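Here's a solo chain for you in structure tokens, the form predicted alone.
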């Protein structure tokens, strides 16, 4: 498969548009305090109650004015959640694009068609947070993730900002473009997306526990006196 054919793949092209949008939102939130305040004002608000956001979000909406309201709502919700983060946590657009395989190198690698899910973010929160001032316990992660997967579109929009905010407080990265894609698809494909979130969570947790057990076995073999 050539690079050109990969670029023309609709799924990959759509992913690139979403990455470009979320990177731009992060950029203006980092560089323009007024824009960040305007975008943050839309957290948990409806489309008819966010007049300060239209200037920034409307030009990015697909299909001109024909985008379904649920898709428009997803664009606004993700922008508001990005803006709600502390300014210092916003990733530079160059770093985000490079991480997604879209760097400006002479022969950039094709961007992956899909990003990482919210389920993986919850698993990483459990792995990374012990010992910090705040931490995510296994039971808390499972409870929060299962709560999200049982929601209607309205319920997901209601609960998601708090869950994402908690993950960001723990320093867990969020794949904003994939979250946007999942929010757009949620009204029609919530079951499939929920399954992916939960599978990613338990797959990552299983891998982490295996790695921790292997390290413990190795330490016991190398230092038998200290482990007795």
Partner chain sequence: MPASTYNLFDEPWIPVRWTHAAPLPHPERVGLRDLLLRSGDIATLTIADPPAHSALLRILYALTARVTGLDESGPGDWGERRLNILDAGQLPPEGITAYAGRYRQRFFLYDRDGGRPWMQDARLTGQCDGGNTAGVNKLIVTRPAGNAHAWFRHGSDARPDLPSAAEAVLSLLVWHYYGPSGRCSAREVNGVKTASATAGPLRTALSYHPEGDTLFETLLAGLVPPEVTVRRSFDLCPWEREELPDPEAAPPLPCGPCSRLTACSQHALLLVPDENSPGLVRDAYITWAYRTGRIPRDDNYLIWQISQQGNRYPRPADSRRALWRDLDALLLHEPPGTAQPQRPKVFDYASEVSEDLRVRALGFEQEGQAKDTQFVDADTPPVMGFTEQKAPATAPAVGRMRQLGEMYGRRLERAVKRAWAEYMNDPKANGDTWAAEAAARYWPGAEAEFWDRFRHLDNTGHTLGAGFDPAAARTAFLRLATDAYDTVTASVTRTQRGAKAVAHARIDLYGGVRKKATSTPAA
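By rigid core we mean the largest C-alpha set that fits within 1.5 Å across both forms. Residue numbers count along the first chain shown, from 1. Predicted model only: the values in this text are computed from it and were never measured.
Missing here is the form predicted in complex with its partner chain; even so, the following discussion is about that form.
- You can rule out all but one of 69-77, 140-148, 154-162, 118-126: in the predicted complex, only 140-148 has residues with a heavy atom within 4.5 Å of its partner chain.
- Interface membership of residue 194, defined by any non-hydrogen atom within 4.5 Å of its partner chain in the predicted complex, is confirmed.
- Remark: residue 60 does not count among the residues lining its partner chain in the predicted complex, judged by a heavy atom distance of 4.5 Å or less.
- When its partner chain is considered in the predicted complex, residue 11 lies well away from it, no heavy atom lying within 4.5 Å.
- The closest non-hydrogen atom of residue 17 lies beyond 4.5 Å of its partner chain in the predicted complex.
- With the partner omitted from this view, the residue of 43, 28, 198, 172 that lies near its partner chain in the predicted complex is 198 [heavy atom within 4.5 Å].
- Contact with its partner chain in the predicted complex, defined as a heavy atom within 4.5 Å, is made by all three of 206, 216 and 220.
- A movement of the C-alpha atom of residue 14 falling short of 2 angstroms is seen between the shown form and the other one when the two forms are aligned on their rigid core.
- With the core held fixed, residue 207 shows a CA shift below 2 Å between the shown form and the other one.
- Inter-residue distance, residue 171 to residue 212 (Cα): increased by at least 3 Å in the predicted complex versus the depicted form.
- Compared with the form shown here, the Cα atoms of residue 164 and residue 212 sit 3 Å or more farther apart in the predicted complex.
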